[in-house]
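Presented below, as C-alpha cells, is a lone chain in the form predicted alone.
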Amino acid sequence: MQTTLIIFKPDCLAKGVTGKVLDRFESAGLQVAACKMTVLAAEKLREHYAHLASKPFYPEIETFMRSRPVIVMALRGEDAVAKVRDLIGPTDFRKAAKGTVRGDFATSIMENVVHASDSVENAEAELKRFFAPGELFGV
C-alpha cells in the first residue's frame, strides 16, 4: 500500500469539480487518509516548488496557488502514486486524454486542476510537508 499527495488547485475549487475529481480517485479504489482545506503560505509554496523557484514564471505559480484556498489530501491504496498519475493525465493538459482529470477539466498548464506526487519518494516528502504525523489516518 502506498500513500500519495494530491492538491486540489484553486481552479478545481473555482469550477466546482472537486467532488467529481475525488469520485474518480475513490472509484479507482483509493481511500482518503487525510484531508484539509488551507491557503498555502508563500514559504510552503517555495519549498514545494523549489525545482521551479528560480524560473521567471514562478511568481505566477505562487500568485495562482495563493489565489484561493486549496484542498490538500492524502490518498492511500495499491500503487497509489502510479494509479493517481494515470487518472490525472500529464501536466500539459493538451496532451491529456479525454477521460483523465486534466483531459476533462484543465484549461492551461498551470490551471490543470490538481497537483499529484510524481514518485514514491516525492510522495513521502510532500506528505511530510503538508501533514503532521497525527493527521494521516490508516497509514
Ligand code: ADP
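The shown structure was predicted, so the numbers you read here are calculated from the model rather than taken from an experiment. We number the residues from 1 along the sequence you see.
One more form of this protein should be noted, the form predicted together with the ligand, which is absent from this view; the next part is about it.
For the chain shown alone, residue 52 is a contact residue for the ligand in the predicted complex, at least one non-hydrogen atom being within 4.5 angstroms.
The ligand is not shown here, and in the predicted complex it never comes within 4.5 Å of any heavy atom of residue 45. Taking the partner from elsewhere, residue 91 is found to have a heavy atom lying within 4.5 Å of the ligand in the predicted complex. Proximity of residue 109 to the ligand in the predicted complex: non-hydrogen atoms within 4.5 Å are present. In summary, among the residues 32, 40, 61, 71, the only one with a non-hydrogen atom within 4.5 Å of the ligand in the predicted complex is 61. For the three residues 57, 85 and 102, a heavy atom within 4.5 Å of the ligand turns up in the predicted complex in every case. For the partner-free chain shown, just 9 of 1-38 comes within 4.5 angstroms of the ligand in the predicted complex, judged by any non-hydrogen atom.
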